[in-house]
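Structure 1 and structure 2 below are two forms of the same protein chain, each written out on its own as structure tokens.
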Structure 1
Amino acid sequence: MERLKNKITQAVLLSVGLTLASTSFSAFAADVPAGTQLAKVQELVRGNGTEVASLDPHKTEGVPESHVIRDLLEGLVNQDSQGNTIPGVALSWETTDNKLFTFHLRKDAKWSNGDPVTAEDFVYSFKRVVDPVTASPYAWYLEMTNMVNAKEIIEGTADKETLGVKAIDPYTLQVTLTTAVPYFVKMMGHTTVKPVHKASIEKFGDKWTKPENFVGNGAFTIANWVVNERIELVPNNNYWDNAHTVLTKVTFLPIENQVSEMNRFLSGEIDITNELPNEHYKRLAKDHAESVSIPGNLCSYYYGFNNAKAPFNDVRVRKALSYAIDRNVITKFLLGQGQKPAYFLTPEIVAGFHPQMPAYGKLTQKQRVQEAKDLLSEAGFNKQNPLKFTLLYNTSENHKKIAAAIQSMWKKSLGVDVQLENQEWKTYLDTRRQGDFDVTRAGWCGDYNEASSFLSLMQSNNSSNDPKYKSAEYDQIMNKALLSTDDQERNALYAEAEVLLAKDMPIAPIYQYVKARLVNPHVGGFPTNNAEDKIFSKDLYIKQ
């Protein structure tokens, strides 16, 4: 379905200022309400989309990998079922200037072989991420945290020993950033910054993730791994909170075909699916209402205009096309799972994000179409000289349906002739990157729960800015926001950036995603309010 899998949607949120002197929370684990009858067999089976590319957190970049690694390795912080940042290996942390962070690690954290988890493990791991020898595809994530020398080390101009991280003592970790990053602690929930066991890596090299070699510090450890078939995890007896783990086995199945996955759910072989097939949604919602789970998701669906190319370098053309899309038809009739119409690049579910509805968002569709017609004829397009272009999307039934609907909306309301062109994923990425398109489908999921994870896409120097939007004013707002240490001020600037996007319309936002899946009602502890879809198996249990 949506090809958004190759990004880790991650890293957490501290909703309020981190300038707080110090923070401390109680631990979170399988929280079984009193009176719940637990099933005799506590084994859980989860659909996990595609086969994991690796179980080494420093070599992965996808969502399926993160789902498994979240159970195998524990970073400085975790998330609770609401998506709040809670302590992981770090019991508490403090900062005074959002540049120097001190983490106090719990003393009872252990690796699965019994070794203690220390600050040195994090120092080793962070250095390993930026080390060019590791060739981590997410090395840039540490660059994004602004950790001292991360960029230089990746580029090969500085030694990895100069990274801004050090162990003050075995249980105190200190991280130094080049500029203030108020959401730094949330970023520490990401897969890329999970610790790895140095001795195992030195002994086994690339083979350290094999079940027979694996040493982790998460609630579970690997028992069995058959590529393209299953990964089985069992509790890690040395995990500091193992007493609260209820499940005795967790199996991840890599099933790409949504219908196959649904069938296996319906025949009782899977407890939690990864997705659900859109075309079966209505039937499932009717016949299996108790199993359908649809929390909001930190992702946006939009069409990007090629702003560098005529006629899309004309804001009137871009606006006309955006206005003429009837978003309600798409969310209600084509998708119908609770997706919301989008008028912003940033999904409204993002923490602290309160945008103002742009003028066109308040009009009826009829009024929008009228404005669109006027704009298009002003731009010089009419019956004698109709606008013609190609709409690019990556091959998928869902994208095709939406593209066909929008094609007909544009044709009917504006007389625009649109040709649809679908390309297989990697070919499509290539075409988009080379700017060889008129209008292209795009989607984005946040790497962390903060508007900048979306809005930075439209900065003129951003490598993902395929629509080639270039606005000095926008860049200025974003730079100011990224330097601001005040949450309120920062979010106000993000709202301002969205106002500018509605005015320049470099992209046409279409809808805000939901994460629809099937969850067997006997699964307890499932996080239905975690926008980043971070499911920790240690928090789950099976009811009778």
Structure 2
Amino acid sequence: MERLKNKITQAVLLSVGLTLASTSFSAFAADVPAGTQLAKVQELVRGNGTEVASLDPHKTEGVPESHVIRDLLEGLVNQDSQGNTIPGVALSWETTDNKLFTFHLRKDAKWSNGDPVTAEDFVYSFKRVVDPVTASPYAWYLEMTNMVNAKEIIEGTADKETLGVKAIDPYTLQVTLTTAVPYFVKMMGHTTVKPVHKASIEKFGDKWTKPENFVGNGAFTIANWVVNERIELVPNNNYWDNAHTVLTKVTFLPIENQVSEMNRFLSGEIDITNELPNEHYKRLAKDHAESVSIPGNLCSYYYGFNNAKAPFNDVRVRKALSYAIDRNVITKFLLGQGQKPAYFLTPEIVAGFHPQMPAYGKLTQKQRVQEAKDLLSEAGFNKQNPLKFTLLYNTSENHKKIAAAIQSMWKKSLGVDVQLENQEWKTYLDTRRQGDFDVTRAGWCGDYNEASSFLSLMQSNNSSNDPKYKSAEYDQIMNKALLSTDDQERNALYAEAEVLLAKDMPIAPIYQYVKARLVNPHVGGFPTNNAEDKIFSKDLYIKQ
């Protein structure tokens, strides 16, 4: 979809911190090309991978949840089909120093019950995220924005009312940071900083997300939610741009088995799948080429070691296991859809960042395996004393196949005995968060298109740092990067951080994602060039 150049210009200029005056924008919604014949039934069905853990944006941390919440709630900014930051509830914004940001909200934004969306809604919501009482798994995200007192509030040493956010008037929001963050506006497109309706939460508590209680400000609202079966959304008639929403219904299906999802797509039941079954990729690419979509994706797949637990508190063990993984086998033969072997955490698709290949990534696999054997032997593990542990992954056929392949590699190369354990999504998230694992499958998708969105994950103060990696040197590098106002200097520091991760190996990067899925050709407006895979149903339509 083509968008007005002034939108793109604003997003680009603000990413480097230039001041812009308040500007009006045209509607951003389904842009149906002239002459397109629309289907009589405008209903879309999507596979969503698994049952959502929650639809409260301040209590979620997963991709499946964000897919649904993106339709239900609208933050200060959105993204267009190219991944450019564009207006959401905020029509415009300005800053002169990348520390004080002023957002001007549209006056026609409403909640689904007709209440106006105001600056106070964002003040309440941001304070709710950092409030320890909320126990938001993503509270750290606001700390990473450097919002005044976010860190202290999260740690319980300051009152939530001291957070650096305030309503100047009903439609002017001001956010104050402790240090300059040139990409702050980009960060405001994340799920965690979407607003919630205060009165609904005060009335219904944790039950505010039930369909009968839900009040949102997004383009859609919840019509029906049958746990482990479906979530059905319908247009929010009070949405400021509802006139341009084409779809009349959007259904999300929690399908964990990719073959089952594929079959339901081929039978016409699903319009967009969440994934592809790896073993069927070649056949699908040949027989259903028009439906196979494989854009690059701002995500990394890795295994996390429990750095706080023996023997994974020994870097030699962590390195041995990482080196013994044949990433080429995983990407070329097991996946084979264009995924790249990963030897660092940050994907190469991240804007402006070019990580250097670490030394172990330059070795042949035979050389890596030999080093792995030597390291494991030094750590005291051998045939007489084999290393034994459990590998945790969330229920998914694709994750299971990768885990089985790596289990075999470790056994064949190192004589390691690995027990595989799968858990359904919610339980898996809880287990990881509690640190009750040896090695765990993990994936991370950028919350914004900048290297810090990945590298901040390994900072010791990040509540999503499930591997429990704690390095004062790493924290120092990242803190220095966050303080830097020079892009070149900041990217050089990010490169240093990647070098340290390769040295300490708290995680084993495995591959950089592509987003392989099936998309019915009759779906119009699908954003194939959005690196973060942000799909807004309000931009989609069904062609005849």
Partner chain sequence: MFKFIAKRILEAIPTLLVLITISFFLMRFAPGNPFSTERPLPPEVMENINAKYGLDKSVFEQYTTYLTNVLQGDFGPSFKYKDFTVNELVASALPVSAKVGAAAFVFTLIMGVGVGTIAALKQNTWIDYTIMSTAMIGVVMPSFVLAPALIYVFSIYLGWFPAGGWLDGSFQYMFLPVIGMSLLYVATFARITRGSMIETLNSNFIRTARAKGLSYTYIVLKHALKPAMLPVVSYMGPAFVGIITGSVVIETIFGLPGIGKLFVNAAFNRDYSLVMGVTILIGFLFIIFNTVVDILLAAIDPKIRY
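Structure 1's sequence is the ruler for residue numbers, which start at 1. Only a predicted model underlies this, so the values are computations on that prediction, with no experimental measurement involved. Take the two forms, find the largest set of C-alpha atoms that superpose within 1.5 Å, and that set is the rigid core.
Note: the form predicted on its own is the second of the two, structure 2.
Note on conformational change between structure 1 and structure 2: the chain splits into two rigid parts whose relative rotation, smaller against larger from C-alpha fits, is 25 degrees.
Taking the core as reference, the Cα of A481 moves 3.9 angstrom between structure 1 and structure 2.
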